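Form predicted alone, single chain, as structure tokens, below.
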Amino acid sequence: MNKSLFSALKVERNVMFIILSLIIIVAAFNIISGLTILVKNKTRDIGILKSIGVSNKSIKKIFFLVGFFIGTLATLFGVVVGTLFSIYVESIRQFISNIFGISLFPEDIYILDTLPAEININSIIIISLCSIFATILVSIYPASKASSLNTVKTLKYE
């Protein structure tokens, strides 16, 4: 009976998945650039660690764990904030409407008296795992770069 409405909702869901994927990709590039800058700033410290006998594997592990920790915390923070926002979206809509004196999503246009929100645990888990997997992938390059620095050149020019 409402075939066009359901097909529009399916398209909207697919577009939201694409937008979310792009957000994750941008966050991944932020992690790469942040870790690369960290490696650049810690070049002297890496050289000192290498000169006292710390292995390349240990240095790689340190920088990998930093990237993994950042990505995991960001994912957990995003899940908590997103879930709380979804739970309280109607209260937030009413609050904004009352403060600014406007009607967000008027009933006569959108045919809804409340703003619906559905929390799908499976989607949250899949998106979280994809985000953490992307974090793991993008943490490898800066960690490898840090472990491959030449000790003599590092200490000589820093």
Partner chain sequence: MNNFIKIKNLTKKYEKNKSIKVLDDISFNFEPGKTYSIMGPSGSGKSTLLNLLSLIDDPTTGSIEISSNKIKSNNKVENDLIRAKKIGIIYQDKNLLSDFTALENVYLPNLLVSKEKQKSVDLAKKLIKNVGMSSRINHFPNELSGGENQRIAIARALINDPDIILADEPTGSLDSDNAKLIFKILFNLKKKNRIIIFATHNRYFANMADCKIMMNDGNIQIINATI
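All values reported here derive from a predicted model rather than from experimental measurement. Numbering follows the first chain given and starts at 1.
Keep in mind that the form predicted in complex with the partner chain is missing from the display, and what follows is about it.
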Task: Options 65 to 73, 118 to 126, 52 to 60, 98 to 106; stretch whose heavy atom lies within 4.5 Å of the partner chain in the predicted complex - done: 52 to 60
TODO: Would you mind picking the one in 48, 89, 37, 130 that has a heavy atom within 4.5 Å of the partner chain in the predicted complex?
DONE: 48
Task: Proximity of residue 152 to the partner chain in the predicted complex, heavy atoms at 4.5 Å - done: yes
Task: residue 93, heavy atom within 4.5 angstroms of the partner chain in the predicted complex - done: no
